[in-house]
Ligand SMILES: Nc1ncnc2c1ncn2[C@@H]1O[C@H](COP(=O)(O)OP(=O)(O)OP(=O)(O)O)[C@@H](O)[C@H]1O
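Encoded as structure tokens, the following chain is the form predicted alone, with no partner shown.
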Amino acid sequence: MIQLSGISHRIGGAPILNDITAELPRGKLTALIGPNGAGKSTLLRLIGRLEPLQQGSIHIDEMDLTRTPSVDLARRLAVLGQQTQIASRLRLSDLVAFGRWPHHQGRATARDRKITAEALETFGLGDLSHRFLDEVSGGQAQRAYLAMTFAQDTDWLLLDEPLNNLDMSHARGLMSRLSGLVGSAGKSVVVVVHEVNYAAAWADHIVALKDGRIAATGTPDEVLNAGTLSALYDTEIEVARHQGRPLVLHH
């Protein structure tokens, strides 16, 4: 599991996170939800060591995040943030192949090439593998970044709003793949989700953040109720049921 203890973080003197203490279960799909500015992305970046830890501690499967060598961490945990700054004149196949770097350190094997090809096919990019990033749509580029993260083949996947730019079909397909990785491959996934109904339909565990603090944690049934969500988003929200899961009515 990922253990968060006393996490506080400031940016430019402004408090972003305040005393975050929680456990993110192993072998589950955990969704981080909450309004804009709640601190979801910052928390994910701290867990992925994309930002230096200012206060508190993070342990991933009992490994101290601050003391774990980068090469070991990269084989255990893959991170995809919202901001991806990679040269646009890069072919999709080369981008996805970067996901194998922690394993081969520049000496790609047949297995690495096979995993890269499988990741491209999984995200429907096989026919586009020769294209450059600036020659594809935003949704296709997003799928390429996701394929790169999947190709890293780690125990943990951390994804910051991965549904951005994805149409309905690909968004649903991604959540289904993430759920499948958890169920059949024993992976652990932490995903920042903007649309709470994706969390309602697919998540096993939910952490709700507001104003840099934890507002609620638990299963979808425990967190996604009218009272908690209305307070979380400062608007009246109703919750129904669909196929045994909460259905959040907020339109």
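Position 1 is the first residue in the sequence shown; the rest follow in order. Just so it is clear, the model here is predicted, and its values are computed rather than measured.
Absent from the display: the form predicted in complex with this ligand. The rest refers to it.
Among 184, 70, 66, 36, the residue placing a heavy atom within 4.5 Å of this ligand in the predicted complex is 36. Distance criterion of 4.5 Å from any heavy atom to this ligand in the predicted complex singles out 194 from the list 194, 59, 213, 26. Taking the partner from elsewhere, residue 16 is found to have a heavy atom lying within 4.5 Å of this ligand in the predicted complex. When contacts are judged by a 4.5 Å heavy atom cut-off, residue 82 counts as touching this ligand in the predicted complex. Taking non-hydrogen atoms only, residue 161 approaches this ligand to within 4.5 angstroms in the predicted complex. Put simply, residue 240 is far from this ligand in the predicted complex: not one heavy atom of it is within 4.5 Å.
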